[in-house]
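Considered here are two forms of the same protein chain, supplied as structure tokens in two stand-alone entries, structure 1 and structure 2.
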Structure 1
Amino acid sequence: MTDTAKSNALHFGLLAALAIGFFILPTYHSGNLARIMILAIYAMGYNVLFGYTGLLSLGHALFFSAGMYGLGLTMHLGGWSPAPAFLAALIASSIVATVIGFLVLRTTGVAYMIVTLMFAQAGYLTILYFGTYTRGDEGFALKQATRQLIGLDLTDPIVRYYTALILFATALLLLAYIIRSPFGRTLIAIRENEERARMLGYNVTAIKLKAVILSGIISGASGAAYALLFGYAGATFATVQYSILPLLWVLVGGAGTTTGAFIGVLFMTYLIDYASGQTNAYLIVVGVVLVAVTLFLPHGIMGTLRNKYAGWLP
């Protein structure tokens, strides 16, 4: 098998396993898995920038919440139906990503990290400031009656699960396609050696901006899907914590791997789930895992597998 065939087999194998998962797993776990798939889209969006382009952002909650509120507010206040609301979410997150990308790409390294953090914080505060419409931290629920798409009830567990799967599959295959495309190869080149890429004639700034926008749209799609499928939008999803989580997921799963995002979300969701049964200070596992991964597993789960056993892993 060629490397491409192997990576196709991996991706379709994972999707097939998830497709039959709904019928095999107990309700509790299939419900979890729907959420994990949606959050994995967020992690994949983050990975485009962090794993493939080498830009460590601490402000992606801004894009996630742009999508979440883009859909949530148009449905909740505008009375839009899910399809146009989802489109609005994609537009909202792409606009936010374009503006933010244009500004933050003037900085590099540590300054880049802090600037992204600050813009995301400003975004969070803005959501609080317009509390009349956004209901602030408390958030708002999307009415069950409005969450219908082409005659399907998105609140029904089976519909929700397969909608999540379709979205997840789209994002995964899109990511796999992009990183094999000339554009994706260029992103990796920038990650490896930005100055060399520039002196090969690549317009590094423009390519990085495209990467930020792509990453922002995928993250926004995840936020919109989350609001739609789980019927809730709240400012909590715009906090620093939701900027740190995708970093954590991608670090754990393996930065710069296509499946690492999913593995990372899966692992952390169950770890946090377990910890929250033990103590109210369950977020301590976030800290312990972040430190442990930094010290002992810098390439994450899939990255370590790739380095040790399977160089073909996408």
Structure 2
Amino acid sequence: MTDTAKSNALHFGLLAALAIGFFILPTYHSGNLARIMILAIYAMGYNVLFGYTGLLSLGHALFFSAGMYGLGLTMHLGGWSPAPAFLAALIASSIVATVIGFLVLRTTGVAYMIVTLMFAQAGYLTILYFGTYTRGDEGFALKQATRQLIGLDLTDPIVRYYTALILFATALLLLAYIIRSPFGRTLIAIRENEERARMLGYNVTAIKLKAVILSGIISGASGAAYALLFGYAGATFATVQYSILPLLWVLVGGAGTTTGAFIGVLFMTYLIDYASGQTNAYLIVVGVVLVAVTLFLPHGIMGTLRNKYAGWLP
């Protein structure tokens, strides 16, 4: 079996396992998995920029919240139905990503990290400033009656789960395709040696901008899906915490791997869930585990498996 065939088997095997998971797992865990799949899309968007292009962003919550409020506000205030509202979210996140990418790519290294963080904070403060419409930290809930798509009630657990699965499958297979394409290979070349890529004639800045836009759209789609499926949009999702979380998910799961985003979100979600059930000081437990993962699995779970045991892992 070729490496491509093995990679395809892994992707479709994961999707098949998730497809039957709803009927096997208890209600609590199937509900958790729906949320994990949506957040894994966010981590995939971050992985495009960090894992494959080598750009460490600390402001990705801006893209996530752009998608969330792009859908949330059009449905909550404009009375739009989910389909056009989701499209509006994608447009909003793509515009934000284009503008931010054009500005932040004038910087590199630590300056890039700081500038992305500053823009994300500006986005958070903007949400608070227009609290009359966004409801600030309190946020707002989307009415159950409006969360209907082609006759399906997105508040129903089984509909929500399989909608999340369809979105996750789309993002996973799209990422796998992009990384195998010439564009994806160019991103990896820039990550490995930017100067050499430039010497070979690639317009590195333009390619990085495309990566920022792609990353922003995927992250925005995740934010829109979260608001739609779970019925809530709030400024909390625009805070620094939601810029740090995708970095942790990708580092734990494996930067530069297609399935690492999902593994990272799954691992972190259940680690926090278990630790918080054992002690009020659960963040200490989480911190110790993260340090251990960093020390003993420096390339993340999937990255370490690829480097040591299965070089075909995508």
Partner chain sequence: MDFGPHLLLAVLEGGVTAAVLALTAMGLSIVFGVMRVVNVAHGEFYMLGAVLAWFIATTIGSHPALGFIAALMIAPLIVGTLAAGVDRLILRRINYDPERTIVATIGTLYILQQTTLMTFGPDARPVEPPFNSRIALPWFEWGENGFAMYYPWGLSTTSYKLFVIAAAAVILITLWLAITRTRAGLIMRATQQDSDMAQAFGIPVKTVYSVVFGLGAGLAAIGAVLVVPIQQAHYLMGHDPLLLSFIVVIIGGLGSLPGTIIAAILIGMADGIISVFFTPTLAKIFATLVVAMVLVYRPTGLMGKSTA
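Keep in mind it's a predicted model, so treat the numbers as computed, not measured. Counting starts at 1 with the first residue of structure 1 and goes up one by one along its sequence. Superpose the two forms; the largest set of C-alphas matching within 1.5 Å is the rigid core.
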### Query
The same chain appears twice here, once per structure, so which copy is the form predicted in complex with its partner chain?
1
### Query
For residue 270, is the CA shift between the two structures at least 2 Å following rigid-core superposition?
no
### Message
If I align on the rigid core, how far apart are the two C-alpha positions of residue 279 between the two structures? Answer in Å.
### Response
4.0
